[in-house]
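Single chain ahead, written as structure tokens, the form predicted alone.
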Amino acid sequence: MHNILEVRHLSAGFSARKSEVKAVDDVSLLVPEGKIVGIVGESGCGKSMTARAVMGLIRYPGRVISGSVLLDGRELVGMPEKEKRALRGSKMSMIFQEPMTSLNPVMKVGRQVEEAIRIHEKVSREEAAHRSVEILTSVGVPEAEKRCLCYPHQLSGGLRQRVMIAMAMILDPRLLIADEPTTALDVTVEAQILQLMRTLSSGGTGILLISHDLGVIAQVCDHVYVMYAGRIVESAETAELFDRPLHPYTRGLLNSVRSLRGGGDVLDTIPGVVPNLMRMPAGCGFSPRCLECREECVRDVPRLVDEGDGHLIRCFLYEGEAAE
């Protein structure tokens, strides 16, 4: 199967206090054609930073430190900004997490959706306006023609999110990165958006879905990457991951969701918080919070090993020996 996106050993971070802080550390992932791939993890684990590194949207003092990002076999790391700009929107698009800060506050939303078309295609203003109304209607915007004449501050958070989704999907990109796309949406509209993503993926688009909502991930994703403190700690097909979670962090995430663990009024919690990237522990990033921590976990960083059928895990419980 052809991989639309191939990320190999990607590291990205920021310069701070004469040192480099890695927010993304040696991340590798694949997004096959026509598949929906999920990234899940707590806030601060590096999910959005990974997406921005792929899109080439990290600005100083941040930068891509090393690694490779291939879009349909074309290397994006080191590509001139002018060439990347031509690919954004047409070949790869992103639904941003914060629609209020991502939309232009002084431009009507209809113009912003039209602009996404007219930059990449030679169409009339009338044709662009017609397609804008169609896509806004399809993502659940009521009275789309009237909403096109509104400024972002005149719309609710849910409507602004739908406008962002429309802008990202309107050109049927090869790669769609969706960063918490159903935030602020009610369950009915959420279902509509997820169905739109399925339709888009069935047409060949590869989708990278970033979410903290394990229910959404289980519902639509074909493959899942679990991320913690900038690293991939587990990766498997969706059914395999939910049926047989191996990493203590993955098990903790699943146990903290009532609908997934079944029964009971008291939810399990993961002790502690995500570590400060400027003060990362020497060994496994999860070791200060892990109830199964061993001596080698504090000392060394485990490797990502295959437990069979492509189920990858970064944990000494399964590696059997310290990483070199």
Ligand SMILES: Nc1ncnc2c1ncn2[C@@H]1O[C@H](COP(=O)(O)OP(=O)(O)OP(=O)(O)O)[C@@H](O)[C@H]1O
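Note that the rigid core is defined as the largest set of C-alphas that superpose within 1.5 Å between two forms. Heads up: residue numbers just count along the shown sequence, starting at 1. Computed from a predicted structure; not experimentally measured.
Below, we refer to the form predicted together with this ligand, which is not included among the displayed structures.
- For the residues V27, V37, C45, A53, the 4.5 Å heavy atom test against this ligand in the predicted complex is passed only by C45.
- Comment: this ligand is not present in this chain, but in the predicted complex one of A23, V301, L10, L312 has a heavy atom within 4.5 Å of it, namely A23.
- In plain terms, the part of the chain that comes close to this ligand in the predicted complex, with a heavy atom within 4.5 Å, is 45-53 out of 45-53, 28-36, 291-299, 64-72.
- Interface membership of I270, defined by any non-hydrogen atom within 4.5 Å of this ligand in the predicted complex, is ruled out.
- Heavy atoms of E240 never reach within 4.5 Å of this ligand in the predicted complex, leaving it off the interface.
- Using a 4.5 angstroms threshold between heavy atoms, E180 counts as touching this ligand in the predicted complex.
- Although this ligand is not shown here, in the predicted complex the stretch 271-307 places heavy atoms of just one residue, L277, within 4.5 Å of it.
- The rigid-core alignment places the CA of S156 2 Å or more apart between the shown form and the other one.
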